[in-house]
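The chain below stands alone and is given as structure tokens, in the form predicted on its own.
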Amino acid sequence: MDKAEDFDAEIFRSMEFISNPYPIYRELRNINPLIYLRNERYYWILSYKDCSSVLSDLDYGKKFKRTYEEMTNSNVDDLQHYDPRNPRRNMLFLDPPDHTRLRNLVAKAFVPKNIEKMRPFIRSLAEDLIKRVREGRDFDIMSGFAGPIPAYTIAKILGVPNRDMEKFKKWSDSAALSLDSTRTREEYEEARVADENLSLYISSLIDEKKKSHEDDLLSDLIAAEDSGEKLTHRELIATSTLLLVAGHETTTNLIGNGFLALLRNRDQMDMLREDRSLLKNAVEEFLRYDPPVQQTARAVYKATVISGMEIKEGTRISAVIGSANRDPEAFENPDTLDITRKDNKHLSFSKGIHFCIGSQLARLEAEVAFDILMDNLSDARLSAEPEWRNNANMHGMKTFLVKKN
């Protein structure tokens, strides 16, 4: 291959694509496993093999020549390297050694034994939420169940007061637009403003917690040291913001997308209701089948070849996880939901040094959520077609109304 297929990103902004991108991924893979978004000067990688390779190879990193702020400035053409003073200096945008230092400080809170301690809290919360379901009345899975579980859980872990959840969720939804390579400059500007609000909020919360150390992750991060180094104030803001957004946004969509998949595949719903030993396996299949994060970006550090095409140093690329997880070269019957699927090596938590640090927490929250849903809503039906959020990357629903029979 000597040329990638060339596309205008506008076609990936349609709600038809956003609500169900998989038929288009399949069509694109069959044409060419590498496509070029000419307006954004971005390559999308669609095959499992190439996505897996890119995500695990340090020759593809996070030092983009185009910064987050510059994406909102239409006058900038000659793009600079990422500014280390940027408030978004978090693990998601860093390479070693900075990435390693920050990750090591945070990872201690996400070891399995600490995560398992959250199970009673998560279960109690899920049970309280499901009590709001009234027979014959509409219930919004997203706002009434899938959203509060991870939001309140990560807030408890970090030490964010419950009273701030509503404004935090609004900022988080807008900030997440920055991770979608198909967004407009106006939407990147909306994301920037939301990110600033989140940063100001976290900054004031840090100041509060410095006065009195509490039993939460943010207080621990303030006090933590690694080889004599502490997190700077900016790093504390960036790390906390990342954990808050990523800690609830993705798991909310995992629960919502997974339950929608079960409603549309009743045989799988019945199987899970009858055999809860399948819960862990089912969560992995939900992650593969309809992942909350559809793509993840990298910068090419040295000239390479992807899908038979030469890619220059400095090029921006994106591993399209949603496509890779449906690649028939990697998964048998990839468009079929199968909660008994074995050896499910999906890429939904990424791979390599950027493998999701909160993966075990997300899995636990989802397992508890689906256990409660099977007890209470396995006979539910859709009240209306779901309304999808206008984000081609952070894939999830705005409203998901069901009715208990």
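Note that residue numbering follows the sequence shown and begins at 1. Since this is a predicted model, take the numbers as computed values, not measurements. Heads up, when I say rigid core I mean the largest set of C-alphas that superpose within 1.5 Å between the two forms.
What comes next is about the form predicted together with a small molecule, which is not displayed.
Per the 4.5 Å heavy atom criterion, the small molecule in the predicted complex is contacted by stretch 97-105, the sole one of 272-280, 186-194, 97-105, 331-339. Using a 4.5 Å cutoff between non-hydrogen atoms, residue 348 counts as a contact of the small molecule in the predicted complex.
Looking at residue 148, you'd find every heavy atom of it more than 4.5 angstroms from the small molecule in the predicted complex. Taking the partner from the other structure, the small molecule in the predicted complex has no heavy atom within 4.5 Å of any heavy atom of residue 172. Under a 4.5 angstroms non-hydrogen atom cutoff, the small molecule in the predicted complex lacks residue 122 among its neighbouring residues. The contact with the small molecule in the predicted complex, taken as any heavy atom within 4.5 Å, belongs to 92 out of 309, 92, 133, 261. Between the options 361, 373, 380, 35, the residue in contact with the small molecule in the predicted complex by a heavy atom within 4.5 angstroms is 361.
Here residue 217 counts as shifted, since its C-alpha moves by at least 2 Å between this form and the one not shown after the core is aligned.
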